[in-house]
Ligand code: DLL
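Here's a solo chain for you in structure tokens, the form predicted alone.
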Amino acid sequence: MKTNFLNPELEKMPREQLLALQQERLVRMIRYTAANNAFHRDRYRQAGLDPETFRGIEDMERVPMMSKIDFRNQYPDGMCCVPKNQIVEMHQSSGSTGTPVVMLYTKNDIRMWGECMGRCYRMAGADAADVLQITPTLGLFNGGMGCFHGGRAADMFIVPASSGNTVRQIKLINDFQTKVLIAVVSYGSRIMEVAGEMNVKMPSLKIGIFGAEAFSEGMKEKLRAGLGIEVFDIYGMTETGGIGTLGQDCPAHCGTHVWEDHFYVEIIDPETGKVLPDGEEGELVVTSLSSEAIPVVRFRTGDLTSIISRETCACGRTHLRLAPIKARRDDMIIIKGVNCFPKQIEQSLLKVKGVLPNYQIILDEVNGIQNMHIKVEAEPGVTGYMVEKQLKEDLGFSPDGEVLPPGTLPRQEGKAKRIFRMKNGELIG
């Protein structure tokens, strides 16, 4: 098992020391946010929490939770804890569903982000001077710049390809002998598809780091086999500072290591808000321990997961491991009384031999009843009946399955649009 360390002292810190560090940083963070931001100060007061008497982990359930709605209500900088002259960079979410989520950064925040990403690269087996090809856009979306900051921290040779022009991406991989590719999940699939059409191999490519979308085991296996690489699932979000801030899986592939010196995580019951014991699935809640500009304190991510283990991993890291994100709470689809998530649908589709990783989920509400239609590309010989049978077996209901020839569905260079919503046959989103 090939794994490296960017900061072995912290990545392999004994659990008792890591907990002591978290305790110290939690106390400091509550007092810091109360002293420097009215939004946090007011919500602590309303909850009856005195920052000066806050004791750390044992008091965490007394701290009120926050959500993405708070970011939007405080747009653009209502949650900032530092003067504007200390801000050196900003990023934001796409804002496709309303007011965007903005993240601001001080120099120390950028250093922290770079270190978290650099740890992810090293954990995947990358060495200094290895060639890193960045395919997320280097712009307002945090993906590309976070990858760049991490590449700098890990002393890598950076190819800042950004998104699009897949033929050029493949040429760059071969011309510069790219070893590490980082991309959104669906774009990894697109590179694999175009390389196949060109009948081009990419022998230098050894490591693929993917994120930003639902990532089923079936899709991971497709990318492993199709690109001949080891596949890693990276985790982070705009609200925590961007890609890689929360962590990634290691070569043991037994869960996502969370960088616990920078973030404290809890799993809660989504309905009651009560903290759940390790092993039970619930919603991930995150608290920043070292962010300066916009720290999150008990931020409800909406992501469903569980804590797998706090034991030292086979890779040597002591930071806890989360189960792969099952879904986002707001992604849940209810069809004929059955709950399911897009990731489950993808996993089921890819069980059918010959099905390709390009599909659409069409939800059509007719007279108050929601129906599901699946369009999926597949090789000759795959039928709609085969798709419907597999979905029925895995999901408990049978959506309509439509099998299309390869190359039929539209491609996106960034995040793939998988779900289309209709009402009485008319597209609404």
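Please read these numbers as outputs of a predicted model, since none were measured by experiment. Residues carry their position along the shown sequence, with the first being 1.
In what follows, reference is made to the form predicted in complex with the named molecule, a form of this protein that is not presented.
Residue in contact with the named molecule in the predicted complex (any heavy atom within 4.5 Å), chosen from 358, 163, 93, 133: 93. Proximity to the named molecule in the predicted complex, defined as a heavy atom within 4.5 Å, holds among 213, 155, 281, 230 only for 213. Using a 4.5 Å cutoff between non-hydrogen atoms, residue 237 counts as a contact of the named molecule in the predicted complex. In the predicted complex, at least one heavy atom of residue 142 sits within 4.5 Å of a heavy atom of the named molecule. Under a 4.5 angstroms non-hydrogen atom cutoff, the named molecule in the predicted complex lacks residue 120 among its neighbouring residues. At the 4.5 Å threshold, heavy atoms of residue 260 stay clear of the named molecule in the predicted complex, well away from it.
Proximity to the named molecule in the predicted complex, taken as heavy atoms within 4.5 Å, picks out 238 to 246 from the listed stretches 286 to 294, 238 to 246, 313 to 321, 200 to 208. Contact check for 376, 402 and 421: none of the three has a heavy atom within 4.5 Å of the named molecule in the predicted complex. Of the residues in 379 to 412, none comes within 4.5 Å of the named molecule in the predicted complex through any heavy atom.
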